[in-house]
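Below you will find one chain, with nothing else, as structure tokens; this is the form predicted on its own, and questions on how it binds or moves follow later.
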């Protein structure tokens, strides 16, 4: 099968540039081999993954370069300016919005050789890592010494700390430990002109606008992060798990809001809507088995879903019965994990149970939490649906609590209205005293895959903006959300962001086609 790019094509870069780069990083760490170029041509953007099975990839890089430290990155960036070569940073490739796709034939700057645990200050509880370290390895290094970062994203086994910073990532235990911006104290980055910037690792300082926050969420447009200083925590001495069943998403939101607006900070809080409760925990819907069977048969007969996919979906459900399982039927499941000092955790557990009782929550026990813990990293269903002709993806947005119920209702309805839709479901996974993050999973079996995909994303984005929500909570922008950035930021906000990026990256070297349109930049379609 001949591979071709379907989004962006670039011109070959000069052989002189390649030879000079080889002298910097070593010949072994510069590749133009087709296998390597294809491997670094796409991240985990699911529509891009879908197209690869037909021999189409979004964009092909001109080369893959793998430096080992800040100094080598600096030298490569200076050469890129000299030869007018664009650079796309690449960490673990786990991003889902195309932020690591090498538009315009840019080279890939692969950070995976920069993967060292540098030091741990146990007095201050600050650890230093190179940016290319994979999340699982970072946690293992800390756990060995009795600590944890607390940032546990679903992609932890294939994402890097530099990627977390670049996209403002959030892990599953965020309600207690915060998001990556709460953990980063300082960093080292190579700027687009080749200068090395070092930001001191302190909790707070009043020295003008925060330079650190220019890099959080910048997606490689402001600089290439090479080292990160992180606040870490001792491994908790006590863990308590709880789950409850509620009648509706609205009631569950009210209960959780009251919990997080107290002094309680549970590590994990998740609200699963009725569809996700049924799918995740294997409960039987109160629609009845004959009605369910009729619905499934109808989808097969109309060609919306292949029997193979439905079989896999069914096999993926939890098959283990547990006490209280029947109480989740037709309900909304909410799970909590509280962890930390024994006295504080016990008090937090009391607060959670009190609030659940106020909203008539039915206690289910620990088992649903254990099921979630065992399944939380399983993402095999996405590729399975793609291989069987379906389109699937996830979208996370955030809104104030006062807007959350209407946003949930309307975003589900608007996405279901797109022709070809089969399944739209949601859960809430990150909470603040003021806000909640809604995470939507959609799947469809349309005749026109691209139109369905674009229309579904547009429906989600427009509905979110209509309800005063923000179009991204922790996945970032990449290029997929870029068309909605003006509505998100406002005209003045978008202009300010463009001006800052253009001022920092005068030669337009870093990560073309991402975040916002830049001066003289062609729109990628």
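Residue numbers count along the first chain shown, from 1. The structure displayed is predicted, hence computed values, not measured ones.
If you look for the form predicted together with a small molecule, you will not find it shown, but the lines that follow are about it.
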Based on heavy atom distances of 4.5 Å or less, which listed stretch (141 to 149, 353 to 361, 234 to 242, 160 to 168) is in contact with the small molecule in the predicted bound form?
160 to 168
Does the trio 277, 335 and 365 actually contact the small molecule in the predicted bound form, every residue with a heavy atom within 4.5 Å?
no
Is residue 115 close to the small molecule in the predicted bound form, meaning a heavy atom pair under 4.5 Å apart or at it?
no
Any non-hydrogen atom of residue 282 within 4.5 angstroms of the small molecule in the predicted bound form:
no
The small molecule contact at residue 80 in the predicted bound form, heavy atom, 4.5 Å
no
Determine whether any heavy atom of residue 349 comes within 4.5 Å of a heavy atom of the small molecule in the predicted bound form, and answer yes or no.
no
Select from the listed residues 474, 481, 498, 467 the one whose heavy atoms reach within 4.5 Å of the small molecule in the predicted bound form.
474
Partner-free chain; cross-checking the small molecule in the predicted bound form, the single residue of 441, 104, 74, 155 with a heavy atom within 4.5 Å is 155
